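In the form predicted on its own, a lone chain appears below as structure tokens.
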């Protein structure tokens, strides 16, 4: 993997040591590729050491060529590890370099040149003067230009070598961290492509693994499926996964919420109607069952069907036929039915609110979708997915959650399940503006993100006898929340007021009322 000098130069250790070397000895640290070519020079960036000879030489085309040639030759002499002096350049000035290796292979080097070791200064004067004259460099007085080179005492050379060694070690550690992160990303992508994903379903928790295993068995069949789960758990996603991974994927997938329409409208929507069958029926209209012929029909919230509509649906399941509104002849369709409900249909049968024969027709195979609070292991992967989706949709840079904000997600009950999590991520991403890391303060509207936990706290306070009635218990809870918040924010009332969703004036008054001023 070739080194990326732009990314390396952003590392704090590289910036700090480069500034130190420049300040102490007036020389520049730079990078080469594996063959010794100076990477900055390839970008048209030339930053000479702080002496007039190197400045003039690098500003001359022939001088720049000879300089690069000297560095390539010097870097070629690097072997093994560690920084060392590599001998003089074409101007007689010193070059020091260190190899940069990833995966056991040379990827480039870190080097500095254009300086003199004090004890060798006189020996270098001749070659420098000769080269300056031969290149006809625009140096008015070569001798004066030579004096502008800041010599390094021999005892300081080990210090320079140590600084460069440290830089290379940090670069190696950084590259190792990047390689590990990229490997984790690849592993995650592989897992998402395998058992962490089924169509648009995402999760790695044990409940999701069991769900995937059952879905694997169902995609190849036409069996009727009943999906039970709370709102926001992804029941329609499961229905779509069964359809688009099965033999009917080339045909229509149709979805209808059975609680969205009254009986008359729903019957017309499901079975269609003939022209003139009722006021406003100005033309024939095919129903959704006809549209879904050969494909899959997803009936959501099927528990809300009226008894009359339950009878009509039972006929489709038993015989594959239906009669449009205003019609007399039955029409036949081949449709796979997938039904869903957030209510317990078995209990509805017991209460005689749902037909038992229809229940068993729908309940051929039952799928239970776990709520998010029972699969918190999936939070990291779901959060990453929704952050990626928002970044892709908005065309903005991908954001990250502050660790404190993300930790609060594990304390939340998630009554709206995955849909609530998706909406929360989008809300946070929008409110964060241009911030790359979404701060924890943006979760303030939840009063700390622990609403269900607050109810538990309230019950605990009442049980502990802190309140003989509800009002007293609420006051005790409010006092405890404010006291805890003052400790967590180190008495920062503005920050705590924002977190609790109240004004600073209101907070200060409550602090005073509860005797928490100290």
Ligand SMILES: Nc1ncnc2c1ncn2[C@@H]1O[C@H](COP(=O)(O)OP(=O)(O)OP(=O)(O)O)[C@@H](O)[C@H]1O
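Numbering follows the first chain given and starts at 1. All values reported here derive from a predicted model rather than from experimental measurement.
This protein has a second form, the form predicted in complex with the named molecule, left out of what is shown; the following refers to that one.
In the predicted bound form, at least one heavy atom of residue 375 sits within 4.5 Å of the named molecule.
At the 4.5 Å threshold, heavy atoms of residue 101 stay clear of the named molecule in the predicted bound form, well away from it. Although the partner is absent here, residue 336 lies well away from the named molecule in the predicted bound form, with no heavy atom inside 4.5 Å. Within 4.5 Å of any heavy atom of the named molecule in the predicted bound form lies no heavy atom of residue 151. This chain is displayed without the named molecule, yet in the predicted bound form the stretch 412 to 420 from 161 to 169, 412 to 420, 282 to 290, 93 to 101 comes within 4.5 Å of it by heavy atoms. Checking 424, 304, 230, 269 for any heavy atom within 4.5 Å of the named molecule in the predicted bound form turns up a single hit: 230. With the partner omitted here, the residue from 309, 201, 348, 432 that has a non-hydrogen atom within 4.5 angstroms of the named molecule in the predicted bound form is 201. Contact annotation for 231 to 249: residues with any non-hydrogen atom within 4.5 angstroms of the named molecule in the predicted bound form are 231, 232, 233, 234, 235, 236, 237, listed in sequence order.
Between residue 423 and residue 488, the C-alpha separation shrinks by 3 Å or more in the predicted bound form, relative to the conformation displayed.
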